[in-house]
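Form predicted alone, single chain, as structure tokens, below.
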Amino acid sequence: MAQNPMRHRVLALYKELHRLGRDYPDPSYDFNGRMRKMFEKNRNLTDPEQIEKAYNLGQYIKNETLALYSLRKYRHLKRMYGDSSRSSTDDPPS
């Protein structure tokens, strides 16, 4: 019995999103709950075109969430270490 390869891709995406949702910065947003509802809503899709469209939306959400995490890390590092692009030699003499 051969499994549908798209099913494996969708399940892998679900797992990735679930892992990303653990660290979502706003706990009141309920990232994992919303993600689960989205996947349950699209559970009965049969048209390959619609399935691909829903999968691409999930990929987009994953990429945007990763970008949000990268931005959060960058802001944290910038707060911790300041702006290192300006050195004391760049300051004009008084």
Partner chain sequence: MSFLRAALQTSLRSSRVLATPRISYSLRPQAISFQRATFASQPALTKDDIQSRVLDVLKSFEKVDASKLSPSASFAGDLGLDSLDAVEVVMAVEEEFAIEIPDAEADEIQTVQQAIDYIAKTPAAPRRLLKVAFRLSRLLI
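Basically, rigid core = biggest C-alpha set you can superpose within 1.5 Å across the two forms. Numbering follows the first chain given and starts at 1. This structure is a prediction, so every number in the text was calculated from the model and none was measured.
Below: the form predicted together with its partner chain, not depicted.
*Taking its partner chain in the model of the complex as the reference, which of Glu40, Glu64, Asp30, Glu52 has a non-hydrogen atom within 4.5 Å?*
None of the others qualify; the residue that does is Glu40.
*asked:* Whether Leu77 contacts its partner chain in the model of the complex should be assessed with a 4.5 Å heavy atom distance threshold; does it?
replied: No, no contact at 4.5 Å.
*4.5 Å heavy atom contact, Leu71 to its partner chain in the model of the complex*: No.
_Using a 4.5 Å heavy atom cutoff, which residues in 7-34 contact its partner chain in the model of the complex? It's fine if the answer is none._
Counting only heavy atoms within 4.5 Å of its partner chain in the model of the complex, the contacting residues of 7-34 are Arg7, His8, Leu11, Ala12, Tyr14, Lys15, His18, Arg19, Arg22, Asp23.
_Exceeds or equals 2 Å, Cα of Lys73 between the shown form and the other one, core fit_ = Yes, the C-alpha moves 2 Å or more.
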